[in-house]
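Take a look at this single chain in structure tokens; it is the form predicted on its own.
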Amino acid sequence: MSIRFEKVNYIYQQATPFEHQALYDITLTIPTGSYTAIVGHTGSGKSTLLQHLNGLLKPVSGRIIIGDQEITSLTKNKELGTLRKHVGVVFQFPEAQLFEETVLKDIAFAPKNFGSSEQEALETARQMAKLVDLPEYVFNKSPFELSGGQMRRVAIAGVLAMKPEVLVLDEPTAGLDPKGRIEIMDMFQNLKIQQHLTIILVTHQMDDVARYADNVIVLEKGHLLANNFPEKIFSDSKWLQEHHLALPQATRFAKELQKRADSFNFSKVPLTEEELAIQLIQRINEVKQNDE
């Protein structure tokens, strides 16, 4: 399911003394099946753009085309039901939205709400619980008895139970320790492959952008600054610094190494630890061969 923004503007509290424009003429395309990261400094418009993806907000002007559906300022809320089934959103701290008495009932809530019978909804819930690696012994427990990481998986399974084609992730690893963050992000990567999802990730974690995304959208004060491959975005450290964006750790290490050893050049800017390690090993082997 492709997504297209065409000259989208959004203004909070329009025609009041508190009017604030959050998006300015945003035009971009998110291809079907892509893993797109949306980055930018606080106040850049990331969350506002995200809320347009399933109609929580509608453009003041311009239009958004998601699959076969067009969203404009005139679109009625009752016309957005199908869209909200196809575009699932995992907000920050999604476990805060859990409310049912058991894990399975919580996951089953969305499909029941969209017309599935209780039996069908519970079967879907079981499938989604297994998909996010929840063990069967927690299925009939209260979600509030689980660990923080497991609670988050329950909430994510509840979004997946709608069987969306697009999964929108708003800082999905907020509050998790490094191990938990890696586990959750690897889970999303596996889900993308298994379920053929289009994933849109809003994050401040540049290491996650480098490792998982194949497309990066950069916003600043409501304007679109860039929409390009991660390799292109992270190749210009000066540009990133000017726009208050960080480099992935591996890329930062590589650039520092180049500064200290003028003769050391990377054939390709490494974005991940694995890419960095491969090129360092290649360089060490080259030096050994030259010394022999």
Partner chain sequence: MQNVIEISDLSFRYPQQTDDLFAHIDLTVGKGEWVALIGHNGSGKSTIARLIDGLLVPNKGTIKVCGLQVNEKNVWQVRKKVGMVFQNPDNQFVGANVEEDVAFGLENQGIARSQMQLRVKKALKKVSMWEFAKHEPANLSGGQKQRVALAGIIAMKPEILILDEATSMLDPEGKKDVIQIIQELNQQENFTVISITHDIDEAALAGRVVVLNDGKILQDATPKKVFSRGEKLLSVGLDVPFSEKLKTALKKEGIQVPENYLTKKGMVDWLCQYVSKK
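What you see is a predicted model, and the numbers here were worked out from it, not measured in a lab. Residue numbers count along the first chain shown, from 1. Definition used throughout: the rigid core is the maximal C-alpha set that superposes within 1.5 Å between two forms.
Note that the form predicted together with its partner chain isn't included here; everything after this is about it.
- The stretch among 154-162, 178-186, 96-104, 216-224 whose residues place heavy atoms within 4.5 Å of its partner chain in the model of the complex is 178-186.
- No member of the trio 14, 58 and 268 reaches its partner chain in the model of the complex with any non-hydrogen atom inside 4.5 Å.
- Under a 4.5 angstroms non-hydrogen atom cutoff, its partner chain in the model of the complex lacks residue 238 among its neighbouring residues.
- The shortest heavy atom separation between residue 264 and its partner chain in the model of the complex is within 4.5 Å.
- Shown alone here, residue 232 lies farther than 4.5 Å from its partner chain in the model of the complex, counting heavy atoms only.
- Although the partner is absent here, residue 65 is not a contact residue: none of its heavy atoms lies within 4.5 angstroms of its partner chain in the model of the complex.
- If you take 203-242 and check each residue for a heavy atom within 4.5 Å of its partner chain in the model of the complex, you get just 204.
- Relative to the superposed rigid core, residue 284 undergoes a CA displacement of at least 2 Å between the shown form and the other one.
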